[in-house]
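The chain below stands alone and is given as structure tokens, in the form predicted on its own.
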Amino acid sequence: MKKKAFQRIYTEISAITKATCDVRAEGIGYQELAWVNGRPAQVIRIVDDLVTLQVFPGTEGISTKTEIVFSGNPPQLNVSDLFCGRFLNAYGDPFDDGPPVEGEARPIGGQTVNPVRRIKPSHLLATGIAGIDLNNTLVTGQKIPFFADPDQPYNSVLAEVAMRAEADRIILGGMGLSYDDYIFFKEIFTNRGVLDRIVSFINTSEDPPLERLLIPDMTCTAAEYFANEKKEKVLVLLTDMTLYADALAIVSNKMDQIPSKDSMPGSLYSDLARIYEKAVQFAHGGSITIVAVTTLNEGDITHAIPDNTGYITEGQLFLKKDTYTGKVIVDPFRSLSRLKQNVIGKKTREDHPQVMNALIRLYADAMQARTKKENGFDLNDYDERCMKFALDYSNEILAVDINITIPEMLDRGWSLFERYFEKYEVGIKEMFIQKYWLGTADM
């Protein structure tokens, strides 16, 4: 930490917890960066002249007679094209042993975009994953979470989204990543030749948990630079927002604040909304789309973190392991993109809505047939065909390891219809049947 002239320095702490400390000081700004005994900290509360600082590495070993130096500014990020391909830590410093990033210093955690500068999200954001593009199509400027159990390969899926997405720039924010996951992201981005369009901010499980609180603001500040000034289509990927919320709870509990549901702070909704509302579609063409992983505790969707997330975002994507194929799929029943109607059949092929609905309806019939079989009931011919269809639907379309375009997804859907059903069974309009049915005669 380099001291500058006229920095305010204090040497007496009035109160201290494991995560925060209080000092009496004047002229201090909210979210201002400071150093407590050389450790980075941030102002999180000001009452008259009583300033509360959250100390990111923790306060262990700090005495009440300790030097506190205020920087006069909130945490900042040097923004420029030079940090493309770089891995940075929660403070925007190199995490990859490379040189410091040069650029214009900008404060992180600014305000969301004024509504008058926003336009209706209506541009397709394809990922190559059918469980998303076919059934839960994303649009630029959307905010949506991936809900997944901790044992699901959500980081692998997120990496695939990063490599396949039709975006100009990818900003990855990793919170509490294992070192193996960090190496995984670094190697896969490098080996696939996409590193030059990706900026990564990384907090590992070995780093102080409170540093995770800076990662979303760092990613959003970088995204705003590319989306607004470079007019690029930016995709922000955050993992794992549950660990971010846990860090919020650590600070809240150490400040003796009364916890809300599931021991989360009462400010959880606004804390999450402040991040997710950075998603935006600009009139000039630039955009920020946010896809964030939220891991579930034993599949509990009612927990405060996914519950609040659901109110803020525009749908959700559920990862699950298909029991019958063993492959990871995006659950077609529990997943939803509330903005897909803005693009399907308009920015995609005209038969998209009809094929999507027919595939999911037949898949639901297959689930009912499996339930009948498991309960010892006899199956009819339609039930048998539906079950065979469901296996192929999972293997050839839903599996997250399938990388195809939306027209290819639709064509595969028509192929499955012809393979297992008669025309009248799929429930699609006759005009589309005549145009897209692949066979030359009825079954």
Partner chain sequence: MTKGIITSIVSNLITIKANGPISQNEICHVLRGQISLRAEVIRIKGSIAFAQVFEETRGIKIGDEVNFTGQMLEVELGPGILSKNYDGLQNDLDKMGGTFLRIGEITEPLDADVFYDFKPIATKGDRVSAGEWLGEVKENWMNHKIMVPFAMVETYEVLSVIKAGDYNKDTAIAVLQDEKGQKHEITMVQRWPVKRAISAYKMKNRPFEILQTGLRVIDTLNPITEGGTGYIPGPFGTGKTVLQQAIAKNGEADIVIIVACGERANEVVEIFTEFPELIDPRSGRKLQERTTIICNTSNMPVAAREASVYVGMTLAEYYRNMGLKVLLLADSTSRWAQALREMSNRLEELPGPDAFPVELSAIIANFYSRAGVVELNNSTTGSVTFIGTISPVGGNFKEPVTESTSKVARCFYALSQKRADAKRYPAIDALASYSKYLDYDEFVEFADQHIQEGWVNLVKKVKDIVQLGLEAKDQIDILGDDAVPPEYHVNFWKAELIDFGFIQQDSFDEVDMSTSIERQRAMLNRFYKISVMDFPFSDFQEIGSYFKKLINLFKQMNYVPLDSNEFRKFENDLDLMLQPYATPVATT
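Positions refer to the first chain, counted from 1. Heads up, when I say rigid core I mean the largest set of C-alphas that superpose within 1.5 Å between the two forms. Values in this document were obtained by computation on a predicted structure and should not be read as measured data.
Another form exists, predicted together with the partner chain; not displayed. Remarks below refer to it.
- Every residue in the set 107, 270 and 277 has a non-hydrogen atom no more than 4.5 Å from the partner chain in the model of the complex.
- Stretch 42-50 is the contacting one of 57-65, 403-411, 385-393, 42-50, since its residues have non-hydrogen atoms within 4.5 Å of the partner chain in the model of the complex.
- By the criterion of a heavy atom within 4.5 Å, residue 240 is excluded from the residues contacting the partner chain in the model of the complex.
- For residue 373, no non-hydrogen atom is located within 4.5 Å of the partner chain in the model of the complex, even though that partner is not displayed.
- Mapping the unseen interface onto this chain, residue 224 counts among the residues with a heavy atom inside 4.5 Å of the partner chain in the model of the complex.
- Using a 4.5 angstroms threshold between heavy atoms, residue 141 counts as touching the partner chain in the model of the complex.
- Of the residues 361, 117, 327, 231, just one reaches the partner chain in the model of the complex with a heavy atom at 4.5 Å or closer; this is 117.
- In summary, among the residues 263, 368, 341, 80, the only one with a non-hydrogen atom within 4.5 Å of the partner chain in the model of the complex is 341.
- Residues 27, 28, 29, 30, 31 are the members of 15-37 with a non-hydrogen atom no more than 4.5 angstroms from the partner chain in the model of the complex.
- Relative to the superposed core, residue 23 undergoes a C-alpha shift of no less than 2 Å between this form and the one not shown.
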